[in-house]
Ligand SMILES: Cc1cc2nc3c(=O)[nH]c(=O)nc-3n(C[C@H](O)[C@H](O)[C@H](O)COP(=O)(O)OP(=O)(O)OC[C@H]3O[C@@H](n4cnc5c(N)ncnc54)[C@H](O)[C@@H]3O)c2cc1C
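Just one chain follows, in the form predicted alone, and it is written as structure tokens.
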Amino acid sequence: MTEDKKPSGPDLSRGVTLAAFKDGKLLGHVGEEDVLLVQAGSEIFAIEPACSHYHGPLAEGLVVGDTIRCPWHHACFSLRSGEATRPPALNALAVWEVSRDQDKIVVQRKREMPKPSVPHRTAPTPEKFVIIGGGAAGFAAAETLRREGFAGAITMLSNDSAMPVDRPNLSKDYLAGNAPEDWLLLRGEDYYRDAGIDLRLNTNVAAIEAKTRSVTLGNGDRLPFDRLLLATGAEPVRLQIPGADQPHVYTLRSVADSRAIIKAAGSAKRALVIGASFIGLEVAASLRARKIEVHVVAPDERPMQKVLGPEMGDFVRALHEENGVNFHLEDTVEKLDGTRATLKSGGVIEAELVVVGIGVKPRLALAEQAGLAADRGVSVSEYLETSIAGIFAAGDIARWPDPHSRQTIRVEHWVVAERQGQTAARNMLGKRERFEAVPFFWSQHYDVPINYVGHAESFDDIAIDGSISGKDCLLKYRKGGRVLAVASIYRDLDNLKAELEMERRRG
């Protein structure tokens, strides 16, 4: 606890009764530490009250069985052990022992945090696992393999110069100057050393040899594998106009990209963002936080209309305009001549900094070279296995049979990639676990978070509950009378309940 922050609620070591609970929860303290009491069925649990991801308030979360889900970004924790059972959280939470004497509930000592299990061999094979990709899916897979007790070799190949990072932060708080760079790493360098994960940065893979069960690196070295995870992610779509290759024109995908934009923002007075995508508008918001004049050019009638619909699109535009962003919609940039951008409409924008956010495309070259079945992404089964046994795919490149939308889909969401990495890892170990998680993502614009659960590539209508302009709403995207997705602003618990309903409705 900080010196100026007092412990919350009643002293749980002195005891409380169930009458003090609200909606099955009670926030109190033991000594100087805040503790959340949670009633789950006939049991009472005591757990650390802040999510280990971005410190979301679990007191406002959803209890499902003996777990609790964070209202902000849908991480999930075991109430019994504190273990993070679903991304985006990775670290466990502290739990306390609880005793009951008739009506009185007393929280006693904190349990010792479980020490990472030391992997031990249970079988001679498989021994060598290779993961291609250093993003969300690749990292989650490596971490899960060790958590599940795999003791063999794990080699993680990344063509990035940075260790796996919290990529959503690159366009949000880090770019806005509200988060230091040392917050970005998912794990420090010592984690990979201690876990025995051979993380190789700045490493290109030239080919996957399915018959010989090996990968060929860019330097010609060959690396054998028993199981392989392909998690090469996506890359930004490049702008194909004259002048797009100038040094002041950036895309945003990596830590290096974000660093370069921050450096350029230090001397820029005006920025041009090309594309009104989620990432484009998050960049716009972050640059406004740095007091830079921002212009957004996009061919769309409204920002994000295809995903969120016209009403939410109008709200997003108005929100950005309230914060000083200038929109040039139903227009495109035809050429960049130095700092001068010429629009199709004939307009001209002078900008010292240009950021292109016109979408991403999956990195499929290795999959195609290896002969994996593909359909606008790498085709995988419900177990995330590709058309070649022993080779799995996860994250932005994977197209999988989604039981909720009843379609084969591919999405580019951070949380989905992490969850797929975990499932793929367990299936590499022979667990045969279906990937059935409901897709989820969040987007932050100034002080307004938009949470989206489900997947609707198209919809017939949108049922709106509450007020979008009042920043208190829940939108249901329906097709054929069926709710395929739900978006919300400050309706976090309702969003969690929608996710649970979709999980229970699957198939």
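Model, not experiment: these values are computed from the prediction. Start at 1 with the first residue shown and count on from there.
Below: the form predicted in complex with the named molecule, not depicted.
Contact with the named molecule, judged by heavy atoms within 4.5 Å in the model of the complex, is confined among 346 to 354, 170 to 178, 95 to 103, 315 to 323 to 170 to 178. Interface residue among Ser277, Ser158, Thr386, Gln422, judged by heavy atoms within 4.5 Å of the named molecule in the model of the complex: Ser158.
Proximity to the named molecule in the model of the complex, defined as a heavy atom within 4.5 Å, holds among Arg288, His413, Lys361, Arg259 only for His413.
Residue contact check for Phe45: none of its heavy atoms lie within 4.5 Å of the named molecule in the model of the complex.
In the model of the complex, the named molecule lies within 4.5 Å of some heavy atom of Asn204. Residue contact with the named molecule in the model of the complex: Tyr477 places no heavy atom within 4.5 Å of it. The named molecule in the model of the complex is not approached by Asn427, whose heavy atoms all lie more than 4.5 angstroms from it.
Taking the named molecule as it sits in the model of the complex, the stretch 41 to 58 never comes within 4.5 angstroms of it through any non-hydrogen atom.
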